[in-house]
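For reference, the chain that follows is the form predicted alone, supplied as structure tokens.
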């Protein structure tokens, strides 16, 4: 799956790499950054990273322009994503994070739609089968990291559509 990423026009605009002081402009800029982060991570199936990795990645570092979003500004963008439910800090220092280009409830809905569509209700799956099995190869959740998968399954469990269970070789899930 060699898809190329299409950078938004703002990425080629040097002032984009400096958070703007005007409140309206800043809100639009933060919305553009949030959209960019989610699109980039979605395409690259990247679900976790550290702030330092983020700062060095092409995401916040435009080598061609020789512009880099400062780490303080990256923190502001990431905090904006957290407020929207698309990011979860993995440590108290806020140095590493889980990025969710889909919220856990959305992943849960996609997984449950596949279960229903394929007639797998009342079936038990290992977590590995769900994200790496041949049956899910063409599904968007194929290759999903375990932390995000568990959050999605917990959302389904709250809706009484699934139950996370312990099976001989680890964890699994039964769908209703």
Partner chain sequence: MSKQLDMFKTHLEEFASKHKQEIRKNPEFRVQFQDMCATIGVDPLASGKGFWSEMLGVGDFYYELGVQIIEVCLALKHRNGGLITLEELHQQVLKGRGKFAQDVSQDDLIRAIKKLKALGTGFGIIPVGGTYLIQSVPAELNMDHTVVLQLAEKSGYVTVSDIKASLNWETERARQVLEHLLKEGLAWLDLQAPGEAHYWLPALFTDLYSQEITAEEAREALP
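Residue numbers count along the first chain shown, from 1. Values in this document were obtained by computation on a predicted structure and should not be read as measured data.
The same protein has a further form, the form predicted in complex with its partner chain, not shown here; the description that follows concerns it.
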Legend entry - Proximity to its partner chain in the predicted bound form, single hit among 133, 58, 70, 143 (heavy atom within 4.5 Å): 70
Legend entry - residue 126, heavy atom within 4.5 angstroms of its partner chain in the predicted bound form: no
Inset, instruction - Indicate whether its partner chain has at least one heavy atom within 4.5 Å of a heavy atom of residue 154 in the predicted bound form. - result: no
Legend entry - its partner chain contact at residue 28 in the predicted bound form, heavy atom, 4.5 Å: yes
Inset, instruction - Consider residue 166 of the chain shown here, and say whether it contacts its partner chain in the predicted bound form, taking contact as heavy atoms within 4.5 Å. - result: no
Legend entry - Triplet 13, 17 and 22 all within 4.5 Å of its partner chain in the predicted bound form via a heavy atom: yes
Inset, instruction - Would you mind picking out the stretch of 28 to 36, 45 to 53, 114 to 122, 145 to 153 that comes within 4.5 angstroms of its partner chain in the predicted bound form, counting non-hydrogen atoms? - result: 28 to 36
Legend entry - Any residue of 137 to 176 that, in the predicted bound form, places a heavy atom within 4.5 Å of its partner chain: none
